[in-house]
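Have a look below at one chain only, the form predicted alone, in structure tokens format.
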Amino acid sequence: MEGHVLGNAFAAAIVLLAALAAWRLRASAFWRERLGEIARRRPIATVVVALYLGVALLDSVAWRDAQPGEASVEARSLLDRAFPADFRERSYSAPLAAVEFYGGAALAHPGRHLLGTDILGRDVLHLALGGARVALLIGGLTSLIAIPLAIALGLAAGYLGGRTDDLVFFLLSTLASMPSILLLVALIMVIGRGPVQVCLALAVTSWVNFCRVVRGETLKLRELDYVSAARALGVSELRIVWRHVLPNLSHLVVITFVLTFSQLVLSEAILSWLGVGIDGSWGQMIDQARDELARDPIIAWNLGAASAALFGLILAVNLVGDALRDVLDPHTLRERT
């Protein structure tokens, strides 16, 4: 299947799931109140996260413009179509400049590159906006793989104990004893450098710490009075886990998702520095811009745009996640009641 077709299918699935989740949450008074409180606490951060999601979605929907006599035409996304098809220069140009940075020749699009162009003449604003899709894919998809895996294994180890606990703890200890960055690079070199492969490699190396936390918390929760009472009343173990253990882990899941998301986005930047990152990411922009600081005069707009976009996303996600943790923490809810 072609890449843009897979991207369109993924974007459609995300929109469908988001619409279904919004419909379900709207029907719940509890969630309406919590989401409204998050918006009141962090209005700017909420809007910023929504903007990043919107830009990423626009960059995920793409199609080809059929041209007579052309066998292959590159697919362009909705974000790409917001810029002219030939929106390139020969090399560097400063933000809003009318001439090239070197040589002073006239630009093909004078005064229209808001953040300048890179060494290949590509518009830096276009590149920075396109990096949002890669960052959200890395942070979101990897978290959706790593966190459920950590919860499942941590619950099994902490609640069942015995040999299950020994097996999970042996697996945790084995992975924790390996240098994560070396294991990550090795996995990527083996399974490939595509976005999905990188997400899988990151998931393998990022679930260990949270699994240890879930295991420890489950060991404590399974001995509490209300769990013992439910067990004495004949409630099944699966129902006890679902109704009494998992809800008390929700605040940990939120905190871990936020921290994991930020860590994963930054990890991709490190991988790009090592030459095994994903094309089109902010990490790749930063890696390509590191030599530009040694030029005279300094070319800083490429590095500044990628760094600002990366900082803005991580800060906004952390602020929203902090508010979400506050409104979902069982201890906070008990204090209010």
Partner chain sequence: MLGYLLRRTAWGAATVLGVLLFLFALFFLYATPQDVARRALGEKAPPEAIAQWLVNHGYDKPAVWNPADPLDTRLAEHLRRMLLFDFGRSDADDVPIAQRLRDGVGPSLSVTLPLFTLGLPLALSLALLVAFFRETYIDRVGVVLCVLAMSVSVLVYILGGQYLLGKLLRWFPISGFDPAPSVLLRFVALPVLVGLLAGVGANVRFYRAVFLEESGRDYVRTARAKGAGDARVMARHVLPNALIPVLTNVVVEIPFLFTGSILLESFFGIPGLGSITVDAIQSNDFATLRVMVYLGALLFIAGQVLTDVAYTLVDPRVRLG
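Everything numeric in this text was worked out from a predicted model, so none of it was measured. Rigid core here is just the name for the largest C-alpha set that superposes within 1.5 Å across the two forms. Residue numbers count along the first chain shown, from 1.
We do not show the form predicted in complex with the partner chain, though everything after this point is about it.
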Checklist entry - Quick one: in the model of the complex, does every one of 176, 311 and 325 get a heavy atom within 4.5 Å of the partner chain? => result yes
Checklist entry - Thinking of the partner chain in the model of the complex, which stretch from 234-242, 247-255, 178-186, 219-227 has heavy atoms inside 4.5 Å of it? => result 178-186
Next on the checklist: Even though the partner isn't displayed, in the model of the complex is residue 129 close enough to the partner chain, meaning a heavy atom within 4.5 Å?
Outcome noted: no
Checklist entry - Going by a heavy atom distance of 4.5 Å, is residue 315 a contact of the partner chain in the model of the complex? => result yes
Item to check | residue 63, heavy atom within 4.5 angstroms of the partner chain in the model of the complex | outcome: no
Checklist entry - Does the 4.5 Å heavy atom contact test between residue 151 and the partner chain in the model of the complex come out positive? => result no
Item to check | Sole residue of 125, 266, 141, 97 within 4.5 Å of the partner chain in the model of the complex, by heavy atom | outcome: 266
Checklist entry - Mind listing which residues of 293-314 have a heavy atom within 4.5 Å of the partner chain in the model of the complex? => result 293, 294, 295, 298, 303, 307, 310, 311, 314
Next on the checklist: Taking the rigid core as the reference frame, tell me whether residue 255 has a CA displacement of 2 angstroms or more between the shown form and the other one.
Outcome noted: yes
Next on the checklist: Aligned on the rigid core, do the two forms place the Cα of residue 172 2 Å or more apart, comparing between the shown form and the other one?
Outcome noted: yes
Checklist entry - C-alpha of residue 129: shift of 2 angstroms or more between the shown form and the other one, rigid core aligned? => result no
